[in-house]
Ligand SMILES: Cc1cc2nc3c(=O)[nH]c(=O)nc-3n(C[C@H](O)[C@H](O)[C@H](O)COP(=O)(O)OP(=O)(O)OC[C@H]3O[C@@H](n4cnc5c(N)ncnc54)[C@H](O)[C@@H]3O)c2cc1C
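Single chain ahead, written as C-alpha cells, the form predicted alone.
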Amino acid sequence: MISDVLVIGSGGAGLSAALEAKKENVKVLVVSKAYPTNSQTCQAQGGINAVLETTKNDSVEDFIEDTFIASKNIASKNSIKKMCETSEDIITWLDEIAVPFSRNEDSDIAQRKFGGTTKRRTCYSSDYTGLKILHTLYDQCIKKEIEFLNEYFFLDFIKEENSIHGAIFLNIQSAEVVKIFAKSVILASGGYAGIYEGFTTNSNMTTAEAIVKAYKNGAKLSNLEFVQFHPTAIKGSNTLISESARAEGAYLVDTKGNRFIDELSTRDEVARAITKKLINKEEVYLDLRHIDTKLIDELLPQEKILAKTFKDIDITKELLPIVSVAHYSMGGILCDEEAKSSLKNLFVCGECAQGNIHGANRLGGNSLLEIIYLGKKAGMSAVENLKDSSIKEEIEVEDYQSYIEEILSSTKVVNVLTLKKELGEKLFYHLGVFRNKKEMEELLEYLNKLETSLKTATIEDKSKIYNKSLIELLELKEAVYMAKLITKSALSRKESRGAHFRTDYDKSLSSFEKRSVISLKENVDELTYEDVV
C-alpha cells in the first residue's frame, strides 16, 4: 500500500494532522490500533485553554507565563508563546466546524479556571470536551473522504539510513502483516502513562509501542521521567474525575472532613498532598455536596454519572473517595516547533511528542490545545516534506510475518494480563508520585528479568483471527522496554522538579534546569541534558 502522508494514530492530534494535510489535496491515510472514537482524547474531559477576544482580565502574556512557571523552567518560552498566540484561532476553528462549546449568558464561549492558572481561560463543552472535539474532528475527516484503516497494530517503521519511508502493521483481525509506504509519516500514537496498568486513567490501548520503535530506529526521546499523576481518579476504578470538578468548586477533604490543599494548585502539588495522606493510611475524598445540584447537572453531568456507575455514589449527597494515578506523559519523542523529529520524513504530535511546551508539569487544559496546535504543524510539515521525499518500495524490512509465526509456535506460555498488572503495580510503587534510588534500581532489575523472560514467550491462544492475546503480548514487550527508559531517565535526574519528586533529592537544582535526552548509540542508551531555548 502507498500513501503520500501516513498518519499513525487517530486521536485528536492524528485527526488534526490528517485534516491539515488533506487541505493540500494529497493522499492521506490514517492507520490506528483502535477506532478513532475510542482514542484517548475522549478522556480529556475538562477543557481547552485559550485567550479569546471575549476573555475577561486575561492576556496571552499571562497565559505564556502560567504555562512556563508550571513547566518548572524547562519548557521553551518561544514554543509556548507560539502555541498561546494561536489559541484563539484554534478555538475559532473548532467552533466553526461545530464543536458544541458551552456558552455563558452573553452567548460567548464559556471559560472556567483550572489549577495553576491565574485566570479563567479554559473553554469547555460541559465535561465532555475531549470527546466532543474528537467526534467533530472525525466527522470532518469523513466529510473530507480521508481514508482509515482501523484495528491495525503498529510493528515497526520502514527505514533506510536516517529516513523513514513507511510503516509495518499487523492486521488485528487476521494476523496478516501489512507494509504501507509513504513519503511523509506522522506519528500521533499517544503517550506512555498507560503502561501503569491498574494505576492509570489511560485506556488499556495506550501502551507506548510506537514510541519505543521510534527510539530503536534512532529517534531522540526527551523528559521521560516526567509522568503526570492526576490528583482525582475514583478509588478502586482509576476512572478520571476531571479537574473541571475542582474548577467548579469541589473540595478535597480528608477523613476528618478537613481541606488540606488549595484545590487549584498545580497537579504535581495536589497529587503529592493526596498521596502523602494515602501513604499514611488516610482516605481522601472529593466533596461536591455544597455545589448547586443544577450546576452539577449542567456542567458536570459526566462526573455525576461516573461516580454513580463505578461507586454507586450520588456526588450531590455523598463524598467520593479518590486516589492519584498516572495520567499523562510530559516526555516523548523530541521534536522542533514544526513537529519534525530527529528522523527524516517523520513528524510527531500529540502525547507521544515532546514539543518543549509542558516541561516538568503540564497545566490542565493545555493538552487539548497542544494536540491540535502541534497536529496542524505536523500536517503542514508533512505536506511540505513531500517535494523532498519519494516512495521507496525496494527497502528490505524485517520479516515480521515469520516473527509472528515464531511467537505462536513457542511453547513457553505466559499469562500476559497477570504480567501487565504486575508491571503496572511495580511502576506505581517504585516509579510513582514519590521515588528514590533504591526502589528505582530494584525496579530496573525486575524489568531486566521480565524482558529476558518475554523473549521466547507465547500465549495460550494460537489462533490468527482477532487474537487480542497476541496483541497484548506484543504490547507488553515494548511496555517493559519503555519502562526501562523511564526508569533510567528518572535515576539520572538527581533532583526534584515538577512531577518528578525524589525523596533522596528533594530540591530542584539549577544544574538540572535542562531537558533530558535519551538516544540509542550502538545499542547503548545515552542520556544527556540540553538547554531549552
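Residue numbers run from 1 along the displayed sequence. All of these numbers come straight from a predicted model, not from anything done at the bench.
A second form of this protein, the form predicted in complex with this ligand, is not displayed here; the remarks below concern that form.
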#### Entry: Contact check for 13, 209 and 368 against this ligand in the model of the complex, heavy atom at 4.5 Å
yes
### Query
What is the one choice in 435, 183, 362, 377 with a heavy atom within 4.5 Å of this ligand in the model of the complex?
362
### Query
Would residue 221 show up as a contact with this ligand in the model of the complex if we use heavy atoms at 4.5 Å?
no
### Query
With the cut-off set at 4.5 Å between non-hydrogen atoms, does residue 346 touch this ligand in the model of the complex?
no
### Query
Applying a 4.5 Å heavy atom distance criterion, does residue 331 contact this ligand in the model of the complex?
no
### Message
Residue-level contact is defined here as any heavy atom of the residue lying within 4.5 Å of this ligand in the model of the complex; does residue 40 satisfy this criterion?
### Response
yes
#### Entry: Proximity to this ligand in the model of the complex (heavy atom, within 4.5 Å), stretch among 380 to 388, 199 to 207, 393 to 401, 278 to 286
199 to 207
### Summary
Checked 12 to 34 against this ligand in the model of the complex; residues with a heavy atom within 4.5 Å, sequence order, are 12, 13, 14, 31, 32, 33, 34
